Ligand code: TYD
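One chain comes next, on its own, written as structure tokens: the form predicted on its own.
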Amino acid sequence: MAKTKTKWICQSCGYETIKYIGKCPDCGDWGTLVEETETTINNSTTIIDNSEPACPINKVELSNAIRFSTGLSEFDRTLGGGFVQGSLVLIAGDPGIGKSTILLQTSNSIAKSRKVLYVSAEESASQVKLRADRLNVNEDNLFIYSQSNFELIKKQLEDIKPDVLIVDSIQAVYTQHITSSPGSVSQIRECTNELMTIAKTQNITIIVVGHVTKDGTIAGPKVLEHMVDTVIHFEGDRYKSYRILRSIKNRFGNTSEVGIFEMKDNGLEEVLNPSQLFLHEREKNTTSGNIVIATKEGTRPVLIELQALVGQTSYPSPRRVVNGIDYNRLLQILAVLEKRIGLNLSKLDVYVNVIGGIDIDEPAADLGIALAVATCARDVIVSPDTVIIGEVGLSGEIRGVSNLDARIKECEKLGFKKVIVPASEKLNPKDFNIEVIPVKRLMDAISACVFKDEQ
């Protein structure tokens, strides 16, 4: 006999309790506990084991085609070489960022050699067809199925027997075995667990789309990210054309790689040289506060333009406004400029902006931020052919950064003539066709990029 009982589950973190609580004691959110019905079945039937017996690891055989390409080199880079057969991949991102677009383009490429089933739980087949026509998606091996009932989706899997299954999105799919509404913690957990079982037992690659909450986390229980093999975040500003695929978890590859795309009318286009993309509108003008830095996206060096604006404040307390960098990091750099350089910013507003709408979270941008603020405050121009690299310590010293050789090579490839780097890095200037200036202190960096250019 099946026993039915109710429990209250937090839709933010998955916390369970037997009675309603206004505030979740686990995550602290208010009003997120929803009553769900749980049915327990007295399982006395015999378990049928279809799995292979245990064997030594040296005797486990690998398929020759264990990986296959997505058709997009930037997507393959993020995944570590392509999709792995029998894996479960979660792609999450803000609404309208382009998750369905990239999956349709990927489906069309995969369908040239494999059978793909695209399940749309939020749109009708005709709506998906409209987008497919715009993206020039027309492969015969790509099947579109508009359905949110998980039992019917499983039936289509048995009939079509695809190599790849795409579910858009997991929050809209529901199973009849659970009485709660679609998108609830119980529904997401149960449907994902079923998909994981299908992927491992039938060797089908499954990609599921996940929504994110207003604070940027993946909607549903945290266990969702633990169940899947790979978690990919699709980032970017919907009002700008750049998109970044970032791997948060990957059991089959490196999590430090990213893929960069540009959204256009005919879909997403790969950006094979992101430095040129972020610098193509840069003018070699005579404006103070403009600095080019060499940051890193994954293991790939990227050159990005920084802009700083410093001016007299009209407020009792000066404003500090940032876009693309950490606010507290800017305050720390401003404190170093005041203490170690003697630059008084207590009555000046400071604005710092990263061109291109991307976020920089590595310390190698510190020196560029400091020089952008200092040169703008003194209305001094830095040569547009100079790139700044380095981390700034609290005592004003310039510390080393990772992958410095690759960053200098990127500057050299794009035609820059001078690069300022930390002196702690042991480099041979003869290895590069660009002037390399090592500096030890923040004051040395200011002298190298300002006074020499004024001569």
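Numbers for residues come from their place in the sequence shown, where the first is 1. All values derive from a computational prediction rather than experimental measurement.
Same protein, other form: the form predicted in complex with the ligand, not shown, and the subject of what follows.
Report task. Tell me, please, which stretch of 340-348, 148-156, 95-103, 71-79 lies within 4.5 angstroms of the ligand in the predicted bound form when heavy atoms are compared? Result -> Every other range fails; the passing one is 95-103.
Report task. Could you tell me which one of R319, K264, H280, K240 places a heavy atom within 4.5 Å of the ligand in the predicted bound form? Result -> Spelling it out, the residue with a heavy atom inside the cut-off is K264.
Query raised in the report: Considering the ligand in the predicted bound form, which of A121, V354, L135, A199 comes within 4.5 Å of it through any heavy atom?
Result: In short, L135.
Query raised in the report: Hey, in the predicted bound form, is R329 touching the ligand, heavy atoms inside 4.5 Å?
Result: Taking the distances in the predicted bound form, the answer for R329 is no, it never comes within 4.5 Å of the ligand.
Query raised in the report: Hey, in the predicted bound form, does K115 get a heavy atom within 4.5 angstroms of the ligand?
Result: Result no; K115 lies far from the ligand in the predicted bound form.
Query raised in the report: Applying a 4.5 Å heavy atom distance criterion, does K249 contact the ligand in the predicted bound form?
Result: Contact with the ligand, no.
Query raised in the report: Wondering, does R131 line up within 4.5 Å of the ligand in the predicted bound form on heavy atoms?
Result: Heavy-atom contact with the ligand at 4.5 Å: present for R131.
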